[in-house]
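As a starting point, one isolated chain is supplied in structure tokens, in the form predicted on its own.
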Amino acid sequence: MKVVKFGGSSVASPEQFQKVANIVLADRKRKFIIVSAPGKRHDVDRKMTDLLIQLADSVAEGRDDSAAFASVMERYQEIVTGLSLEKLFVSEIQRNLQETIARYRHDRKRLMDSLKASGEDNNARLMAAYITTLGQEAYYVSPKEAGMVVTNEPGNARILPEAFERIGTSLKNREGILVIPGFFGYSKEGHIVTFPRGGSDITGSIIAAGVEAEEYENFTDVDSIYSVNPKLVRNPAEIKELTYREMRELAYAGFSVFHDEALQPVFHKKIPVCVKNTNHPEAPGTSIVSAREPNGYPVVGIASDKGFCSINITKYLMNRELGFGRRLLEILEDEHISYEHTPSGIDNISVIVRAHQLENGKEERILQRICTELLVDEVHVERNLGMVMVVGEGMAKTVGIAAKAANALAEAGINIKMINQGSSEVSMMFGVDDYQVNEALTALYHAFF
């Protein structure tokens, strides 16, 4: 059995629905189908999820929501008409949206989650109906029926451990093609709760782990995963195969083709993932596996991200002070701030965090506590940092990777503000000024490829 997930661009229009159905019916093993909400049909189009967020904001703020509501319905009308489905579907979608708005009008978080989830939910219903019109046995399965039990934090769902057994029990022995909406589950309290954006990847991975699929196929709009952002480098190298660890590092650092939280369920079950193109399904795509044979290239990919800042702390004899690091991280924990990296020296330490986490007065409180509780000599925040990651399992057995990277950045006139490498040696991170991130990424790509 295979679990197959189709992203927003793959289900954005009637024509894309037809491509998806052809792909599903071309392989009898493709039994579990996960769909996103309709994505962009062209570059200046808007995603359905963004339209639904606009609708939720209009309702919550008491503004006229008729235009936003009409924009949502127009997209569904186009799909229903283009696929020659019964017009009844449009009326049902409209009624369900109206009932959701009436139920949660005065609960903004639940309203937002329920309306966002409706994009995937309605698309799954339409996909199951369309495949049925082609003479195939297909069924819509709600996440509740499938066993997707999640935590109860709106917009930030986490799958509960017992869900995997429930999913296997619910789905494994069912007949026909099962179409399941991505992006959300149900809490024990019965609420719809969405995963973070990109959460349909997470749903697909969870279902694959739950039914113990032989493969999880993730269809998107590119032939494969590339070694670098193709918007920055012309004709970049395609990655034919990479490991879970390599994909995790690249996804963390900005590779948008696969959500970085989506690998965990399949990683634990060692289920291979294949990223393929809905518009070019015959292309082999990129395989993500637990281990791979060396291919002669120590680096598999280079990625970058912006929006970081560094809390830089200096204290004489810091290295001899027991518990200093623990107390520092407790201050961040008290403010619900997660850290990304902690490069350090004998008398200094830097904590790298996402800049948005220091908003709403948190920065001032943190700096005050560091000064008064840790009695440091100096503390300041350095802003506008970007991170460039060089990733590859082969780096651990290759001499001179750091030197090669440093030379490439030096020749491009880029000042390295920080270097960090984990003990696994799967990745090496370079901190640079964020305005030089793209230039740094390009320089490193040409050095290694």
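Remember, predicted model here, so these are calculated numbers, not experimental data. Whichever C-alpha set is largest while still superposing within 1.5 Å between the two forms counts as the rigid core. When you see a residue number, it is the position in the sequence shown, counting from 1.
Same protein, other form: the form predicted in complex with a further copy of the same chain, not shown, and the subject of what follows.
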In this chain shown alone, the residue from H336, R95, K87, R103 with a heavy atom within 4.5 Å of a further copy of the same chain in the predicted complex is H336
Taking R245, P343 and G400 together, does each of them reach a further copy of the same chain in the predicted complex with some heavy atom inside 4.5 Å?
yes
Against a further copy of the same chain in the predicted complex, would K188 count as a contact residue? Criterion: heavy atoms within 4.5 Å.
no
Does Y76 reach a further copy of the same chain in the predicted complex, with heavy atoms at most 4.5 Å apart?
no
Against a further copy of the same chain in the predicted complex, would R326 count as a contact residue? Criterion: heavy atoms within 4.5 Å.
yes
Contact between D221 and a further copy of the same chain in the predicted complex at 4.5 Å, heavy atoms?
no
Within 4.5 Å of a further copy of the same chain in the predicted complex by heavy atoms, the stretch out of 50-58, 66-74, 381-389, 35-43 is 381-389
E335 C-alpha relocation of at least 2 Å between the shown form and the other one, rigid core basis:
yes
When the two forms are laid on each other by their rigid core, does S66 show a Cα shift of 2 Å or more between the shown form and the other one?
no
Tell me, please, whether between the shown form and the other one the C-alpha of E382 is shifted by 2 Å or more, with the rigid core used for superposition.
yes
